[in-house]
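Take a look at this single chain, the form predicted alone, given in structure tokens.
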Amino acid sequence: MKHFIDINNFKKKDIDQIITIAKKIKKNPKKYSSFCKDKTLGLIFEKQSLRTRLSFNVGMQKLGGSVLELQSKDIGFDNRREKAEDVLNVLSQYIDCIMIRNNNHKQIENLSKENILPIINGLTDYSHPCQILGDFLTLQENFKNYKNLSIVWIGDYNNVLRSLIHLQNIYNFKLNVVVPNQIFKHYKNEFLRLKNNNLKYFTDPIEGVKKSNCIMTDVWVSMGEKNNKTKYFKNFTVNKKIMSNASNNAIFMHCLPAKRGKEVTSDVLDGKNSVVLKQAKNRMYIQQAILIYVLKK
């Protein structure tokens, strides 16, 4: 049984396969319009969602399948009424695949080991692999030779960055991680375990973006996080000055939603170098490719 939990669970050939499927669907969607006929995707959201919800909903329907949104509390998925494994066993009698967005990455990992249903990680406190594969598709569309790309992450050390580092470990593109030292020190050991010659850490955004092709960021305080860390992010706002220190062809990426004036200024977010709406659109093609990957025998 196939699952999609974390990027670092896969080999390069697997990721290449998913990306290739996404490109084919985007080029000729009608060819795949019945690929998931008679298949049902279940969606469990324990956190708010716009892009993930829409991309999986619309994407599955465009593949000819059906979608069922399930409220965690209503079906007893919170382990209060019965074990999550028992809930999943019952769900497997009705649906073919489940996407889960929650705060408990260990739960998703443990449930995937049960091999009851194909499970897709729609975002956890630890990682956001669907987002990063959508971003990778967008990067490949903007740069022919993505292997020589220089990407910069500016902001918090969070789930999106972790998936980006997982991807970097597989493809070995240049990645500069620019995170305030007050935050980075809590993740230093994890970072060092994943570090390689093309993965570097910076504390100065201007220094970190030099000669880069892509600048990525995210909100400074993740959804549901109570710790207010914004005091550490002075000078970390992606603005025209930071963009001007990157390469001339540099693009700006943000997984959204964005806090305008915080991690990015509106003139950059809405500017000619921004590809945030392309990122959002590509989420659907990546979700479709992931669905095909986990469902096909």
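The first residue of the shown sequence is 1; numbering continues from there. The model shown is predicted, which means the values in this text are computed figures rather than measured ones.
There is another form of the same protein, the form predicted together with a small molecule; it is not shown, and what comes next is about it.
Participant: Using a 4.5 Å heavy atom cut-off, indicate which stretch of 255-263, 32-40, 62-70, 238-246 touches the small molecule in the predicted complex.
Facilitator: That would be stretch 255-263.
Participant: Give a yes or no for N213: in the predicted complex, does one of its heavy atoms lie within 4.5 Å of a heavy atom belonging to the small molecule?
Facilitator: Contact with the small molecule, no.
Participant: Is N57 close to the small molecule in the predicted complex, meaning a heavy atom pair under 4.5 Å apart or at it?
Facilitator: Residue-level check for N57: no, no contact with the small molecule.
Participant: Just checking whether H166 would be counted as a contact of the small molecule in the predicted complex - the rule being heavy atoms within 4.5 angstroms.
Facilitator: Heavy-atom contact with the small molecule at 4.5 Å: absent for H166.
Participant: Is there a non-hydrogen atom of T230 within 4.5 angstroms of a non-hydrogen atom of the small molecule in the predicted complex?
Facilitator: Although the small molecule is absent here, T230 would stay clear of it in the predicted complex, with no heavy atoms inside 4.5 Å.
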